[in-house]
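Next up: just one chain, as structure tokens, the form predicted on its own.
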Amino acid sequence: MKFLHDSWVIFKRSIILSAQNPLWIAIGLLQPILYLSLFGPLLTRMASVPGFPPGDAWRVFVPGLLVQLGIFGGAFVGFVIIAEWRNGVIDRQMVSPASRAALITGRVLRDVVVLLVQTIILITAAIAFGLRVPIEALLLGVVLVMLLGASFSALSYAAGLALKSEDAFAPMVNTFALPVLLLSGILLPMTLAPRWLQIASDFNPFKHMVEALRAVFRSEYFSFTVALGFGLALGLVILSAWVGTRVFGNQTK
């Protein structure tokens, strides 16, 4: 009960701060919306290209955008924790009786709520552009985005608190972002890539998550592809929760 209470207190504080500055929420949604409106129509002409996955272009493109939103929606929150550490917020919380796990859980829950709002807006825009999938496929898409958002939020907080420097954190995020974006098939399916690049992308777990969501949008709910993608996402949540809690706990030493 103490953990739940402490998590709620941290969540409430974080959500109030977010509500006072909603601009960054809109900025976080701007990139996928731009991709949707500017890049998406180009893919409709590529649907007949050999190697393009089955289904219309929107069922291929929108799952990638949802995965992108889940990853990058949580990847940059480490900047917030660095600012809080510099302003003494973290030190004051560490000397409080609050659960160390709750200090990160409450923050991650805030990020998940914000990401949920962004996901609903993105899906609504995609439907306006022409996406047509069953409601259960959309719900599974939301679940995957929430899992990714929670994972990367926890990892980003852990990295920010460990590095304590924007100068170190920013290059780390950018170095991670490029291979993930290119080798996960978010923008273009990897089936269009050369064989050697397809093999390289097989070692990228996020490619399998993108493929899982595309399979869900084709109503292939019980395929191995879906099980693998969602299994990797769930495993990432568990790993990131352990890493984040450990880093927060080590701040007292």
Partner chain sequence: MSSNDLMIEARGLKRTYKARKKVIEAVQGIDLSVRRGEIVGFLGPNGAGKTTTLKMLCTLLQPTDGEATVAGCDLRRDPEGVRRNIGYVAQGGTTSGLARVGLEIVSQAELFGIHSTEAKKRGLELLHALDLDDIWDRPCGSLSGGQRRRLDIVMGLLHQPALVFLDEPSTGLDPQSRANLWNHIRRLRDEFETTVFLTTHYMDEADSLSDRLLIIDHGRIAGEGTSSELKARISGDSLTFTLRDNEEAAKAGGVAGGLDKAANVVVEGNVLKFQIPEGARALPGFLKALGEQNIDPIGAEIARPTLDDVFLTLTGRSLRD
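Residue numbers count along the first chain shown, from 1. Quantities reported herein were computed from a predicted structural model and do not represent experimental measurements.
FYI, the form predicted together with its partner chain isn't displayed, but the following is about it.
Not displayed here, its partner chain is kept clear of residue 134 by more than 4.5 Å at the level of heavy atoms in the model of the complex.
Although the partner is absent from this view, residue 10 contacts its partner chain in the model of the complex, with a non-hydrogen atom inside 4.5 angstroms. For the chain shown alone, residue 181 is not a contact residue for its partner chain in the model of the complex, no non-hydrogen atom being within 4.5 angstroms. Its partner chain is not drawn, but in the model of the complex it has a heavy atom within 4.5 Å of residue 95. The three marked residues, 175, 235 and 246, fail to reach its partner chain in the model of the complex, with no heavy atom of any inside 4.5 Å. Proximity to its partner chain in the model of the complex, taken as heavy atoms within 4.5 Å, picks out 98-106 from the listed stretches 98-106, 70-78, 146-154, 124-132.
In the model of the complex, 2, 5, 6, 9, 10, 12, 13, 16, 17, 20 are the residues of 1-20 with at least one heavy atom within 4.5 Å of its partner chain, listed from first to last.
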